[in-house]
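Coming up is one lone chain in structure tokens, specifically the form predicted on its own.
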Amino acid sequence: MAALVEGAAKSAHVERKNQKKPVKRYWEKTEELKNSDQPTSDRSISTENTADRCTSTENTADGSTSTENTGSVKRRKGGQIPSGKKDPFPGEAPIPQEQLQKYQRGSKNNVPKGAQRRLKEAIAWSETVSELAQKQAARYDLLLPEDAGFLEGDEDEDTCRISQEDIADAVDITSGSKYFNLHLSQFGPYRLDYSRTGRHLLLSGKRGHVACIEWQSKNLTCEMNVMETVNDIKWLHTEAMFAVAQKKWLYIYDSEGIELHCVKKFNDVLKMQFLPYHFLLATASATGFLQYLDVSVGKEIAAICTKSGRLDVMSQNPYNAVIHLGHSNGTVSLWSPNQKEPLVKMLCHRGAIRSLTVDKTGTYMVTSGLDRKLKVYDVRAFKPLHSYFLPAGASCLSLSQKGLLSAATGDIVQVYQNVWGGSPVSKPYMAHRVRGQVWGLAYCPFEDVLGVGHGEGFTSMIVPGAGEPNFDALDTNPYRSAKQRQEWEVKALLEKVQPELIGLDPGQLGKVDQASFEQRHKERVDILGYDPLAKEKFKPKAKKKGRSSAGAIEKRKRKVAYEDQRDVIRQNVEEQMKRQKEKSSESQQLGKKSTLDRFRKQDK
């Protein structure tokens, strides 16, 4: 009995195993879905046409047909998926036009007439890459969570009357600690400079005091006294090196205060600007010289005599690395290391220029002069936009990353909002009084902080909405480690921009200079005596039996090369010979005459 039960169980197990259907593949499932949608009378026809199983044709809205592979599970552009339902959101998500304009990379390059095929392909490829980068940047704009905020007062309340103490008490502890004062009355007045990452601060007193501070944690990196007058101080490409313009020469120190270099070619330096992408330190001296020092190799690139006297007003355009200098006759000149003459010279004020600054986009320039006026200029057209009258004038100017303008008048610092807007500004956005006369202003990058150097030390102000909330970690990362800083330094040196490329319009680098091409073509025609581009070059016909080898083709080209131009060359040579004969005959006639011939009667 037990054996029978076991045999029945085995036979049932074998039958179930044999009856078990194989696993169906994904293409078989889609075929069933397709066949189930058709009527039973048409199923036999659809099974016979195996070539039509994997493709389906769909009429689009414009009347064209689009072929799809129904065996694929992925969505197609037609908007149909294997289940037969329509995709409610076909294609890529649309990008708002405002975001595309925000990341626009200038106007498109036009292909010049008569351009070669390679040039056309290169221009088309660069345009496609630029358009793709613009779209990707606009899409990834949603991933930037931070947004800049501004100070808003209650009804009938001016924000300029809100004190720094009230702001520090209202914000969180971390933000409130950014407002502080350093009482340094012994070696003042002080100038300052923030690093590009916004983590480190340099302070220099007029009487020789130099300090390097990690200002957020209040850690003192180095402190020294150079025992002579200090005119200006500036960070170089990293936080490991900085330059100090002392009474006689220019000195380079490291972050620990150790002297690295003494550059005696740069004497009597009053102002400095560092160009980070070119690794150039630009200096303006009391003798009227504008000098450029390449920090990567330690060589002087250019020394330009401006012929404008003492240079104590200086700024740079971050967009094109052009240096702006203010002069005592009320003019502002724009300089490049490639030319000995100014690129542009503008008359901005009736008196001497006291201070000037340029925004990060290179579009607007703000100047202040002894005529107690504050003017905003459009650098693209070199025309004034607005003019403001300040009762005591502005001695120092600075622009933030978000376009806030700070102006120092005596011991009062005023911050203005939307200076280059459509309507003129009537009142300041914020105001603060310090202990001594202001000598230096600088906004901290990526922070809502304004640093003020004055006669009694240093003051750090909180200015809501001043800093850029989102930073580019590949360019300037405030939170980078020492290893990341080393790697960034190597990459920056490899991608260093040559000083020959500095100009007013950086977009001209990718364009073809049509005028110089025509000029070179004319010179070539004058030298050869004929136009080599007037006719097409001779192309020999192909011959058989080995007579179309490379050597044979070159021989035939040489035979026919100058047949068309021989007549033209002969005519040009004959004309030149005639001119030479005429000149020689005239010289002979002049040689026979004497000085007394002028008294002879001339034949009428």
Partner chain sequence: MKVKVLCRNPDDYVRETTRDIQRVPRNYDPTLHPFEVPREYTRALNATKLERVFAKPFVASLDGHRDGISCIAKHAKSLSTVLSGACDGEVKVWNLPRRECVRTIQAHEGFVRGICSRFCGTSFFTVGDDKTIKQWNMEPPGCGVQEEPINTILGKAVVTGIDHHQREATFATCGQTVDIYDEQRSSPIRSFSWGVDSFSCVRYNPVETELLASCASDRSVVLYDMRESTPLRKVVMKLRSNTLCWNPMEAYYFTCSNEDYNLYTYDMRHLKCPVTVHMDHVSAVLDVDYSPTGREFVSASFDKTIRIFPKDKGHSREVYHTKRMQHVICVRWSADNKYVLSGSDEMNIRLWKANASEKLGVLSSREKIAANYNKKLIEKFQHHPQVKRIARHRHLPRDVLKQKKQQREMKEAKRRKEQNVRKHSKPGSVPLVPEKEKHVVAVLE
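Computed from a predicted structure; not experimentally measured. The term rigid core refers to the maximal set of C-alpha atoms that superpose within 1.5 Å between the two forms. Positions refer to the first chain, counted from 1.
What follows is about the form predicted in complex with its partner chain, which we do not show.
Task: Contact assignment for its partner chain in the model of the complex, among Leu182, Leu501, Leu270, Met241, heavy atom within 4.5 Å - done: Answer to the contact question: Leu501.
- [ ] Just give me the single entry in Ile258, Leu142, Ala473, Leu533 that has a non-hydrogen atom within 4.5 angstroms of its partner chain in the model of the complex.
- [x] Filtering the options by heavy-atom distance leaves Ala473.
Task: Location of its partner chain contact in the model of the complex, chosen stretch of 458-466, 241-249, 219-227, 86-94 [non-hydrogen atom, 4.5 Å] - done: Only one stretch qualifies here: 458-466.
Open item on the list: I'd like to know if Trp335 sits close to its partner chain in the model of the complex, meaning any non-hydrogen atom pair within 4.5 angstroms.
Closed with: Trp335: no contact with its partner chain in the model of the complex.
Open item on the list: Against its partner chain in the model of the complex, would Ser315 count as a contact residue? Criterion: heavy atoms within 4.5 Å.
Closed with: No, Ser315 is distant from the partner.
Open item on the list: Can you tell me if Asp156 lies within 4.5 angstroms of its partner chain in the model of the complex, counting non-hydrogen atoms only?
Closed with: Contact with its partner chain, no.
Open item on the list: Would you classify Gln417 as touching its partner chain in the model of the complex, given a 4.5 Å non-hydrogen atom cut-off?
Closed with: Close contact is absent here: in the model of the complex, Gln417 is far from its partner chain, nothing within 4.5 Å, heavy atoms only.
TODO: Let me know which residues along 97-116 have a heavy atom within 4.5 Å of its partner chain in the model of the complex, or say none if there are none.
DONE: Those in contact are Lys102, Tyr103, Arg105.
- [ ] Align on the rigid core first; then say whether the Cα of Arg118 has moved by at least 2 Å between the shown form and the other one.
- [x] Yes, shifts by 2 Å or more.
Task: After fitting the core, Gly421 CA displacement of 2 Å or more between the shown form and the other one - done: Result for Gly421: no, shift under 2 Å.
- [ ] For Gly309, state whether the C-alpha moves by 2 Å or more between the shown form and the other one after rigid core superposition.
- [x] After core superposition, the displacement of the Gly309 C-alpha between the shown form and the other one stays below 2 Å, so no.
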